[in-house]
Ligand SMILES: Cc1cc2nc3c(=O)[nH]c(=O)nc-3n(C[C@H](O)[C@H](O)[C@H](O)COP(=O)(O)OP(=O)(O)OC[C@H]3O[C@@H](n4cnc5c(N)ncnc54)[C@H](O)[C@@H]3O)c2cc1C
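Starting off, we have a lone chain in the form predicted alone, written out as structure tokens.
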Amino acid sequence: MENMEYDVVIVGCGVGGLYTALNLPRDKKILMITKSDVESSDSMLAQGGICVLHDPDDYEAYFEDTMKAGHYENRRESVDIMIRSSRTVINDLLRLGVRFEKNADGTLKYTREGAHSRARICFHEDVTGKEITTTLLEQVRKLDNVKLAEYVTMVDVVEKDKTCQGIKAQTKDKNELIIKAPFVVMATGGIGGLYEHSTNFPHLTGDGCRIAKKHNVELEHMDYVQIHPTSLYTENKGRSFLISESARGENAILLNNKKQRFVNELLPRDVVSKAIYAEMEKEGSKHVWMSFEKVPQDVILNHFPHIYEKCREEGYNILKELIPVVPAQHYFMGGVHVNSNSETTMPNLFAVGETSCNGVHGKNRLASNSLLESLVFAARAAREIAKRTVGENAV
């Protein structure tokens, strides 16, 4: 068994973990671990985009869209924090080098997705998550105070006097590690690996929630699991390929086997998923169909190039033909309960991103709120940790 000491341990290398590291003081000794390689986080898979408060007049509409999608079970304080912090986060991402699509005059280009009352989503082709995560990863790798360790799995937290004081971990070679740290941030992602059909990486199995429960750390809404309406149907095993919400936002439509529309495609995800399941049951089918006929060809090739290519690999040309789609497990709205600074009910143990539940999403996540929520509350976790070390060092 090897013993190590750091100032902060961050478990997970998605956008939540990376942005936490970037917002911590530079003279803090930080260890980031990930269960797989750093490329295999769900943040890399986010296709559609990241929301932003379009302008001050958009606040009420954005707030209502988020609340409505969440069945009004959202924590209002958290929604308010996220929306009011959104422009600062987008500006910071631009500063760090994220290449959001822009208009000819240099202003940001916005797209719209299901359940949004207006276009307010920044995007980079149909690989926004990869663009943001890759950029953040490049920035973290420049930091001398951060060490990245791949294929290291958190197996427990170290608790003393009901306070978190580090973690226990295991390497790929089964070597056990005791990593002492006054602050731990769990950014361990979702639970898709527990499902047979999911758009998530299979190694994401809710580790943060399981360990939190073991230590009687409060959990919240563990049954709030989002099913995405449209993954590409295949008989093959493994991770399901997502057909972005923004495809429907750009006028892709859903059809049954009679090639008839049966639902308003821009309704919230749970409503659309329910309608698809009902249609599949009525027709006795394993999927429904998606048509890109109403989506201009230049939009398909420029906004959805990776979806286009993936479908071609699977034998479908979305410029000419329908593709089979089916709902799949996609996102986890519940998780480890945290306050507005992302701290759990165990002092000095923080949780950010999909493994946490700060109440932003309520019962059902509004499309393209996940990356924003992760970044906003990761920055708040970092700020809170930094504040507690004031006197020692400053950000």
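When you see a residue number, it is the position in the sequence shown, counting from 1. Just so we're clear, the structure is a prediction, and the values are computed from it rather than from any experiment.
There is also a form predicted together with the named molecule; it is not shown, and the following applies to it.
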{"item": "The named molecule overlaid from its position in the predicted bound form: site open or blocked at 2.4 Å backbone/C-beta", "value": "open"}
{"item": "In the predicted bound form, the one of T66, T344, S368, N358 near the named molecule [non-hydrogen atom within 4.5 angstroms]", "value": "S368"}
{"item": "Partner-contacting position among L242, I276, V140, V79 - heavy atom within 4.5 Å of the named molecule in the predicted bound form", "value": "L242"}
{"item": "In the predicted bound form, L232 touching the named molecule (heavy atom, 4.5 Å)", "value": "no"}
{"item": "Interface membership of T135, the named molecule in the predicted bound form, 4.5 Å heavy atom rule", "value": "no"}
{"item": "Residue contact check: A187 to the named molecule in the predicted bound form, 4.5 Å heavy atom", "value": "yes"}
{"item": "Contact test in the predicted bound form: H203 vs the named molecule, heavy atoms, 4.5 Å", "value": "yes"}
{"item": "Segment that reaches the named molecule in the predicted bound form - one of 47-55, 66-74, 23-31, 335-343, heavy atoms within 4.5 Å", "value": "47-55"}
{"item": "Residues within 4.5 Å of the named molecule in the predicted bound form, restricted to 320-340 and counted by heavy atom", "value": "H330, Y331"}
